[in-house]
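Only one chain is given next, in structure tokens, and it is the form predicted on its own.
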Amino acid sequence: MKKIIVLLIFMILLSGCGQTKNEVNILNWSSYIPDEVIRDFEEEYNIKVNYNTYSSNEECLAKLQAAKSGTYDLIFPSDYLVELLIDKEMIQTLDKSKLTNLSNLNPNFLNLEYDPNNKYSLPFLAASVVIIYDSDFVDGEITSYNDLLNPQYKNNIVLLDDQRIIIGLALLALGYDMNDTNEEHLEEAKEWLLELKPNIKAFDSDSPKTFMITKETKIGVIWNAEAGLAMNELDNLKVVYPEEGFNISIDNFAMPVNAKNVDNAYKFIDYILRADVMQKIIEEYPYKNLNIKTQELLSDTYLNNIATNVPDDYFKEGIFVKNIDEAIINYDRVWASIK
């Protein structure tokens, strides 16, 4: 009897080990990889994908810090978060020799300042923040963040639920740097946002396009892909890259230290880097494509939309959110006053 019990325990342990070898635990932005792509990967590689999401870099960091070591195998942090995670020694160096599709990446988006030589990360998709508005509702044009203060827009604006971006745009509207940490300037940004607050209908980073498509809001400060999808639904929507400047970001593949299923994570990265797979992702979530082979496969609907296919010249003018270390506490205070 004892032998049988020992054998059963041994079999259970073996079963558990097998499950660990055949899974990968992913933490990614919401609305970023289609379910179809996940299912196809699971079928092709016989690897179970455990998929969790977040809506901001701050939420990603909080989930990483709260999780037990080894909880996640692959994450998708933006540029400044990559830099922060490197400083905190929370992500590991990458073995690029395990990636057969690495050459598909556009070299213009490699070796950037937040991770020289891409030692810890590789680019996945790029995004920009744009203003989108209903041309039938707006009298004239919107070209500036300061135009959003118009009292006629009361309860008609949807903003991204992202403190660095929204406080950053307030700083830009006031003529300051988007990453300014001067406390007096941040106080001015708070007052600017409080003036804007009556016009704000909602904060939403998951699906802000829905507010525009359903016409619950007539103006949005949202991700370019969300704007592009909304424009595909409604002909009267216009997109603007504000004259004061606008945020751009690159979201990246990165592996936390102590990841348990490293080989499976590499398989997932290499799979995503395939031209046909990235095409499926871009067609559903049309952010700026960074895969040179995929670019040849994309439709004119994507390529000719200034929101989805952000022109390279525009992207070069964009502003990255940067790691501001302890100064984030002052941003937290401003954000608490707004929301």
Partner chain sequence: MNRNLKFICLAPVVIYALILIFFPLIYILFISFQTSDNYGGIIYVFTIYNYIRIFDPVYLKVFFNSAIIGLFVTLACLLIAYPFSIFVSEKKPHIQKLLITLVLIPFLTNSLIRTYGWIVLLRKEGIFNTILESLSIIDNPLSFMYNNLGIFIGLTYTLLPFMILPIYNSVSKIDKKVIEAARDLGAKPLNIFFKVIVPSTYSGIFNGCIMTFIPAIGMFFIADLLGGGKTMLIGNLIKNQFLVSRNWPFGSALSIFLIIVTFLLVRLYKKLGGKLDDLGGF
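Keep in mind it's a predicted model, so treat the numbers as computed, not measured. Positions refer to the first chain, counted from 1.
One more form of this protein exists, namely the form predicted in complex with its partner chain; it is left out here, but the text below deals with it.
| query | Only one of 98-106, 247-255, 261-269, 215-223 gets a heavy atom within 4.5 Å of its partner chain in the model of the complex; which is it? | reply | Selected stretch: 215-223.
| said: Is residue 176 near its partner chain? Define near as a heavy atom within 4.5 Å, in the model of the complex. | reply: Close contact is absent here: in the model of the complex, residue 176 is far from its partner chain, nothing within 4.5 Å, heavy atoms only.
| Any of the heavy atoms of residue 88 lying within 4.5 Å of its partner chain in the model of the complex? | Although its partner chain is absent here, residue 88 would touch it in the model of the complex, with heavy atoms inside 4.5 Å.
| query | With a 4.5 Å heavy atom cut-off, would you call residue 126 a contact of its partner chain in the model of the complex? | reply | No - in the model of the complex, heavy atoms of residue 126 and its partner chain never come within 4.5 Å of each other.
| query | According to a 4.5 angstroms non-hydrogen atom cut-off, is residue 304 in contact with its partner chain in the model of the complex? | reply | No.
| field | its partner chain in the model of the complex: contacted by all of 61, 200 and 203, heavy atom 4.5 Å | value | Heavy-atom distance to its partner chain in the model of the complex: all three under 4.5 Å.
| query | Which of 111, 135, 155, 93 has a heavy atom within 4.5 Å of its partner chain in the model of the complex? | reply | Going through each option in turn, the one that passes is 155.
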